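In structure tokens, the next block holds one chain alone, the form predicted alone.
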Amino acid sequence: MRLDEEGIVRWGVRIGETVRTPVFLGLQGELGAGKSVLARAIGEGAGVSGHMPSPSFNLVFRYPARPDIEVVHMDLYRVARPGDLAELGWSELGQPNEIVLVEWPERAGDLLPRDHWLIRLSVPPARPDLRDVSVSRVGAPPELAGFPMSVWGT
């Protein structure tokens, strides 16, 4: 599916508004593909107020959202190996009230939870204003709003 930034934001807000917890969303794509844009939109939809900076340097941020919901936003770009995740509280993730957003989830290797979504964003050649978006369901995570995404295409 191909989306512009507005479409990505619209879809992300809808996910945040409607997804059941616990849910783990892995956000994949090269630098600048829009992973943080999508993460912020999901946080907004979940009720996060205020700015959600990219966790590139802090690696993990936690945000209170709707009553009894917490959004956890992680960036594993600088994680050298899956064993380093223990220091980030990886084993505590997936609490009943959490929406977990992880950029660069492939760095977690076999430590990814059994049930999760992988959302890949990529910049199509000659169209830097758009993103190709693919969604993969692994195991049995909660449903995502707007999936299949054909309703969100541009």
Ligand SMILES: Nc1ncnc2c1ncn2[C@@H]1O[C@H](COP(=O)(O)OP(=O)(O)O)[C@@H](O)[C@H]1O
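Keep in mind it's a predicted model, so treat the numbers as computed, not measured. In case it trips you up, residue 1 is the first one in the sequence shown, and so on.
FYI, the form predicted together with this ligand isn't displayed, but the following is about it.
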Within 4.5 Å of this ligand in the model of the complex, heavy atom basis, the matching stretch of 112 to 120, 125 to 133, 88 to 96, 63 to 71 is 125 to 133
- Any chance G26 has a heavy atom within 4.5 Å of this ligand in the model of the complex? no
Is E30 close enough to touch this ligand in the model of the complex, meaning at least one heavy atom pair within 4.5 Å?
yes
- Message: Just checking whether P105 would be counted as a contact of this ligand in the model of the complex - the rule being heavy atoms within 4.5 angstroms.
- Response: no
- request: Would you please decide whether G34 lies within 4.5 angstroms of this ligand in the model of the complex, comparing each non-hydrogen atom pair?
  value: yes
